[in-house]
Every structure is written in structure tokens, then in C-alpha cells.
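As C-alpha cells, one chain now follows by itself in the form predicted alone.
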């Protein structure tokens, strides 16, 4: 069974992110691992979910990952548009991470509006490529395809359309096969027997 978008957001929350604490605290021992010690003004890496929790309480400032910048995303967008293939994304969970950060602290991201628009443009470009790839796959009647550099969220978003399309294609092919068998003069029992093979 494939993960849902909510589960993927949970996984994204486990990604490490750097924060600038506004408090002092000794090491915290959590089930998932030790965090800290925290010293005000000294950067520290923590999972995204903890960073967002601390930021919501105004106990830290989030230091955006290097890929969450206008310059980096402009280059990535250009590369994604020019390349016929999917480019490797900076994080498997780039969309979910960006969404979570923008919900809690867009003020911590330089050029936040522009960054948000660039991420949406990259997503739209990738989804367009993915829809085109699926249509090409279906048109060619292929039974398998290899696609590199897709994120789990992108696969999750195309899966309902893709599986429905394959089901319809299978029904269509089965109908054509039955019609050919009948047009060849086969009896109903012979057609049923051949379809079971």
C-alpha cells in the first residue's frame, strides 16, 4: 500500500533543519534521539516538526535549507523546463517541507512570495511532464515504464489517474479481444476458454 499525502507530510517532518534558538536548554532525550544542547544564538539541527513547534512558540528562527532560496529555485526551474526528463529534486519531500514552513513562518524565508511561486512553477512543470509521460505510456500500449527522479508525493498524486487509466485500457483491450474471437467464428464456449488462458 502506498503512503497518503498526510503520511508523506509526516515523513517530511522528520527531515532535519537548522534553527537559531532564542533559548538555552540542556540536551533533550527523545525516543527518536537526543537533541541539543541549545544555546541562544548558536545554530542547531533538529527535525522539521520540532523546528516548527519551537518557531510557533517564538523560541527560534528557522534557517531555511539552501534549496529554499530564490536563486537556487530559479536555476532548478530553468533546468526542469529545459530538460525532457525529470531533474533530481533537492529533497524527496520538498513540497511538503515548503508547505509546512510557509504555514508557520513565511517571514523566515527571504523573498517568500517569489520562492512560493517558484516552487509552484516547478511542481506544475513536473506534473505536466508526468501527465504527458502517462499519456505516452498509454498511447504506446506499454506494460511497464521507468521514470527516474519522481518524489513520492508526485507518484501519489498521479496514482489514482494512472490506475484508473490502466483499468480502462485493460477493459478496452479485453473487449477488442472478445470481438476478434467472435468475428473469427468462435463459439461462446471457445471464446470463454481462450480468455481464461
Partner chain sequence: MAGQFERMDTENGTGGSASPDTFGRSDEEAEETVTMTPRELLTKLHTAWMNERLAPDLLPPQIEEIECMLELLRNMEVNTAKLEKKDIRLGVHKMEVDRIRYLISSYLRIRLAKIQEYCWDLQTKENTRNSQAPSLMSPEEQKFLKEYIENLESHLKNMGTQHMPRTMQALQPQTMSTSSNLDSFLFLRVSQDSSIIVDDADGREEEVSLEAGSQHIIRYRPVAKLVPSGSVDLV
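Positions refer to the first chain, counted from 1. On a predicted model such as this, the values are computed, not experimentally measured, just so you know.
The discussion below concerns the form predicted together with its partner chain, not included here.
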4.5 Å heavy atom contact, residue 145 and its partner chain in the predicted bound form: yes
Looking at the partner-bound form in the predicted bound form, is residue 30 within 4.5 Å of its partner chain by any heavy atom? yes
With the partner left out here, check for me: in the predicted bound form, does some heavy atom of residue 62 sit within 4.5 Å of its partner chain? no
I'd like to know whether residue 49 contacts its partner chain in the predicted bound form, with contact meaning heavy atoms within 4.5 angstroms. yes
Its partner chain in the predicted bound form: within 4.5 Å of a heavy atom of each of 45, 67 and 117? no
At a 4.5 angstroms cut-off on non-hydrogen atoms, which residues of 4-19 are near its partner chain in the predicted bound form? List them in order. 4, 7, 8, 10, 11, 13, 14, 16
